[in-house]
Ligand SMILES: Nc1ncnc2c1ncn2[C@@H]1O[C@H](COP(=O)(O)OP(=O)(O)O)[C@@H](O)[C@H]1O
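First, one chain by itself in structure tokens, the form predicted alone.
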Amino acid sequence: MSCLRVEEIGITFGGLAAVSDVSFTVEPGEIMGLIGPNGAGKTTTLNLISGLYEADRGRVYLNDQDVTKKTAYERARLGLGRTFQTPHMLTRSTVSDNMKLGTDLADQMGFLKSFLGFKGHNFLDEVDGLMEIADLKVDWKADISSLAYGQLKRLEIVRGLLAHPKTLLIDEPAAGLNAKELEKSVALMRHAAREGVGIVLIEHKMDMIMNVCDHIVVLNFGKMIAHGTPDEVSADEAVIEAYLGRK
């Protein structure tokens, strides 16, 4: 059973087709790259999958359940996680408050207990394990605004994993990170994949995409122009002309 299936989704803004007839499947434990030039429709595709935008056409399935008409919140409850290009944090709050928001949304009582500070040792052990993988050493009582950008980017992935998603959408995790921070972000994604999480990854760093992803979807002007393994995509003439370029 696939954790995510997208069938011919599309959306039009003001007569312009931002995404048109995009289809792909992500299996549990797979990392799928979503690449293309700026304006190709990558983030819009994630917005359609996560329910931030309502698709004009096509269907979205999570674990073979049709969620096309469900809200973003309902999709999150069904196991869909999301990070953003710019970290979305609960401002004027502590690191601890933000991490507690990462509790498994499939269990609303667990979420409430966690936010109120009643989560058990398993949650704390899980946080410690993920923070170690991410190489994050931060004061839980510190204001979230005191953290550096690279810390926030990794912390958002950690928080996303604490929700125990079946599918996690990650939008440009490498942007603004140095080499060591990027290495730790990759370690988090690989850990998630080993745990059976399906990942859709938007990224412009091609060395990262080629080394991390099991398969890749390439968009250009909102349409899918290629889909395959990293080797297949990197050799595709349409992808070379539209995005990768020639050396």
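Here the structure is a predicted model, which means the values were calculated and not measured. The first residue of the shown sequence is 1; numbering continues from there.
Although not depicted, the form predicted in complex with the ligand is the subject of the following passage.
Within this chain, Val239 is remote from the site of the ligand in the predicted complex, having no heavy atom within 4.5 Å. Using a 4.5 angstroms limit between non-hydrogen atoms, Asn38 touches the ligand in the predicted complex. By the criterion of a heavy atom within 4.5 Å, Thr68 is excluded from the residues contacting the ligand in the predicted complex.
Shown alone here, Ile225 lies farther than 4.5 Å from the ligand in the predicted complex, counting heavy atoms only. Looking at 205-213, 180-188, 43-51, 59-67, the stretch with residues near the ligand in the predicted complex, meaning non-hydrogen atoms within 4.5 angstroms, turns out to be 43-51. Shown here without the ligand, the chain has Phe13, Leu16, Ala18 in 1-20 lying with a heavy atom within 4.5 Å of that partner in the predicted complex.
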